[in-house]
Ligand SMILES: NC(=O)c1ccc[n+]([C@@H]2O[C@H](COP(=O)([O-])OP(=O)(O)OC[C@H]3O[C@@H](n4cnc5c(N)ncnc54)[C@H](OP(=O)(O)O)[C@@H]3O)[C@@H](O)[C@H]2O)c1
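Just one chain is shown here, as structure tokens, and it is the form predicted on its own.
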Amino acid sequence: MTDKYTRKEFLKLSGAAVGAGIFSTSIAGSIANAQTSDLLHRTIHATGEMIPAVGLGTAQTFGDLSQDFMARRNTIETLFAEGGTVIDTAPTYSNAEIVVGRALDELNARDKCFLATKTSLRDGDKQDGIDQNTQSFIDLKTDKIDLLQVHNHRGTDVHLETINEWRAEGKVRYAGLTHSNPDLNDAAVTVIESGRLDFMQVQYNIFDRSVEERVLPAARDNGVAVMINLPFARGRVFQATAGKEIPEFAKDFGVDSWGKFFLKFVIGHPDVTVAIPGTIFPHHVVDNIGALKTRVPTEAERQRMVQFMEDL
């Protein structure tokens, strides 16, 4: 955000400020082609920076050090090769920060990554938060975190104070808050309206659309970017469509997999900045980023997608 404009004024000037996705290769296309393809980007309202609208989550997928590190490194490498940049992690995702930090270091790819992590504590002790995040810098092998978020509204006021202090010092670029529990949506709106956030991370998928009522409008009105967790509803969307054919109407906006179907529903909402599906498989990353290569559904098409799922 500049000195000249307030955040709301900046948002009005930039309009919806979404990058235009264009038709490109399918996931059968080569990585080389994908690297030169235009992908749908969305704007971070606080600065005007644009990021690809699909990234990578690491909860329950990156934390086990006994599993194959190279598989996870290859997944991150594929994310960058496909044109993605956003990786979201947390110190409470077991060893995920260590895995991500090592992979970025070995790939010499820190500058390619929009790196998000969290202050994730059960209490609001300020020093405990500082200590936890200091370790995150070490584990992630970085001296700057792009987005530091208060996890699950725990100690929100205290930890946001630290995050914004670090943002002023240049150690953090953006301040955020997260949750995946619809019961916290009203509390999220209160913090969004306080003017202390650049990002709000929430659950949003075709089964749980509760953030459409208040959270997404509040984020839009206050110039807060929105990161989406659980876009696949912990796999429930795939269970519901197992053995089902993709509807013909979805092919009009480039859907050739159920993953694209459900991601396009999420990023088709104009107030969504980025979705972070979790995976450890490179071919899933290729498919996920592929959702950015063709147009997003219109609102009428999104409602048709909802109706299709309700009719199953």
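Numbering starts at 1 and runs along the sequence shown. This is a predicted model, so every value here is computed, not measured.
Absent from the display: the form predicted together with the named molecule. The rest refers to it.
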query: Stretch in contact, per heavy atom within 4.5 angstroms of the named molecule in the predicted complex, of 214 to 222, 121 to 129, 87 to 95, 157 to 165; finding: 87 to 95
query: 4.5 Å heavy atom contact, F281 and the named molecule in the predicted complex; finding: yes
query: Partner contact for V191 in the predicted complex: the named molecule, 4.5 angstroms, heavy atom; finding: no
query: Close approach of T178 to the named molecule in the predicted complex, 4.5 Å, heavy atom; finding: yes
query: Exercise: R72 in contact with the named molecule in the predicted complex, heavy atom 4.5 Å; finding: no
query: Heavy atom distance at most 4.5 Å to the named molecule in the predicted complex, all of T58, H151 and A233; finding: yes
query: Heavy atom within 4.5 Å of the named molecule in the predicted complex - qualifying residues of 284 to 312; finding: H284, D287, N288
